[in-house]
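Here we start with a single chain on its own, the form predicted on its own, put down as structure tokens.
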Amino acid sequence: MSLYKIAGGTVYDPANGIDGEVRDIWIRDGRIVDPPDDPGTKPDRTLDASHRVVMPGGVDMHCHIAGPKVNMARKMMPDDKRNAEPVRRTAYTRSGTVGSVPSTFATGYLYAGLGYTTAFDAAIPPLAARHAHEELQDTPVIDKGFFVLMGNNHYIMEQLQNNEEERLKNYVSWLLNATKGYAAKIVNPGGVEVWKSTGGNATGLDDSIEHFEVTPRQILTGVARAATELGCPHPVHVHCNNLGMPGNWQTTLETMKALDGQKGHLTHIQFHSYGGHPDDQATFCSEVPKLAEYVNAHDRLTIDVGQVMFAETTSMTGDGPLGYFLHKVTGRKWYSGDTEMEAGCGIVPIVYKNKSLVHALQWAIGLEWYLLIDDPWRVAMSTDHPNGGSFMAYPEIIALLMDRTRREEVLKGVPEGLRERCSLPDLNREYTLNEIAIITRAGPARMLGLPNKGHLGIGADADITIYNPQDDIQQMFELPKYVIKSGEIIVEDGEIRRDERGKLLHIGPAFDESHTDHIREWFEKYYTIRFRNYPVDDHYLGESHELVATQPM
């Protein structure tokens, strides 16, 4: 058991109250350990981190890196890949393509190159879980997991219709166990089902979903309650109705209120914070201050941002009607997919332009969220990769948050009308390095309920990023000096130095076996796959770690 010392780094570990203190970190068997009792003990290896910034490895709690829609997007965008420099094969790496939707190998290497060591795909249909696991096993270096789509699941809606709360709760548990997923995800609750059956949408929380005669509100609260009662480490992960539509901030506020004191995470909140009239783009504006005021006053709510960046990217979503809407607005190619009884998706290439008032407002609205949330522990960095932009833009976002002057320079290049429609030009706040460590590491890990991630305390996974401090903040975060995964240096000066696989993170909440017969009977009646072939076998997981669900306090 070798003893490893990282010596003399300037440590930012907000979960343990350490804000820029010079400290040593000791590692044994991939975990952070107490310093030796004998001060004269010599480590087997020492890494000199003096005059360098030391943080936990980054945690991306919401991205799209695996599953059927990601794979389809790769096929849809060959031109995107031809125009991007590939990842070259080396002694330690496989080759991969990049672009807005990188290949599996490239995804792992690129995350590691930024100092990120954990990432979660945010939207996997249960029926595609096996495929998602195969892709994640093909994604090197990082630890990973995924959230399971439940907001348009027929069995769930049927149990809500029949007021069968216990069956609903046990089905949520069974589904998480069967898929080896990590959390319950809701996308446009009820709306995707309406799109699949009639071509419409569910725009209000109390719209009735045809055939099932349930509402988005019932789906939201039913799944949220089930996740809470099952003790899931991460609460229900919510993509609200009316994403991207002017005036949708009211739906978002009603969604927050509908949770009624329950824990909930609202994702890519930027896309849900728009004022104006749905039929008049000229009225498009920000309503972040009103929503942020509500979030600040309700500490059981957390968010990630879904920051838009000016670039070409690919929109992909489990929100089928939104995909069609974007196709009609942009006129670009479009893919729509349905997953029987469970979910749907839409994919459209998109270019965010700084000369577009709408796109500039989307960029500004994301930054407003970071700057208006009082407690950085309740907001996580995301671009909703690749929807708002690539995760490779995180260093640029960090620079924008830490430097008001840089924001002002960008504002000079956007349409003048933006200043009348949002509060960003008036916001003077600048993030500190400690706050950056919160929103990119400690906060996401806490929101996800990952006790061994996002911090450098005793027992934590030895996932560590070491930066050379620079005046150019973006460049500093783009090129870490060292990235350490499970106690081993995997990246040095941007080069992969070790072939590391990473592990699959999942949960297995308690399930009442008495409900199995009912699920099996329903399943065999409606699905095209046999019940016994649906659950994912353990051998698909490779190295994995099951987090224990705990009963709520």
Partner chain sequence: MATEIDQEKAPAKLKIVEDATCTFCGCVCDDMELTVEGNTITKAKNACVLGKSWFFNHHIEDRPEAMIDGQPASYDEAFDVAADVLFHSQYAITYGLSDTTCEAQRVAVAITDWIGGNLDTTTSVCHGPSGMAFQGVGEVTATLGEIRNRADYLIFWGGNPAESHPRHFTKYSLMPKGQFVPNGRKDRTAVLIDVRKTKSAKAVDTFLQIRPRSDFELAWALRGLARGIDVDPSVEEKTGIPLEQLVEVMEGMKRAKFGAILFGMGVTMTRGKHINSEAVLALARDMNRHTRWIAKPMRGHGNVTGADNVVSWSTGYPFGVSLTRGYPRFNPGEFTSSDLLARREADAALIIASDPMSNFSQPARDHLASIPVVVLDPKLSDTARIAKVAFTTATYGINTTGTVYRMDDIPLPLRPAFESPFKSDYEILKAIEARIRKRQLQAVS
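Being a predicted model, the structure only gives us computed values, none of them experimental. Residue numbers count along the first chain shown, from 1.
The protein also exists as the form predicted in complex with the partner chain; that form is not presented, and the subsequent description refers to it.
Using a 4.5 angstroms limit between non-hydrogen atoms, Gly337 touches the partner chain in the predicted bound form. Within 4.5 Å of any heavy atom of the partner chain in the predicted bound form lies no heavy atom of Leu230. Looking at Phe105, you'd find a heavy atom of it within 4.5 angstroms of the partner chain in the predicted bound form. Contact check for Gly96: a non-hydrogen atom falls within 4.5 Å of the partner chain in the predicted bound form. In summary, the region of this chain contacting the partner chain in the predicted bound form, judged by heavy atoms within 4.5 Å and restricted to 264-272, 79-87, 249-257, 362-370, corresponds to 79-87.
A single residue from the set Asp207, Glu396, Glu287, Asp138 has any heavy atom within 4.5 angstroms of the partner chain in the predicted bound form; that residue is Asp138.
Leu127 is the sole member of Leu127, Leu433, Ile350, Met245 with a non-hydrogen atom within 4.5 Å of the partner chain in the predicted bound form. For the candidate spot formed by Ala15, Asn468 and Tyr482, no residue has a non-hydrogen atom within 4.5 angstroms of the partner chain in the predicted bound form. Along 518-544, a non-hydrogen atom within 4.5 Å of the partner chain in the predicted bound form is carried by Lys525, Tyr526, Thr528, Ile529, Arg530, Arg532, Asn533, His539, Tyr540, in order along the sequence.
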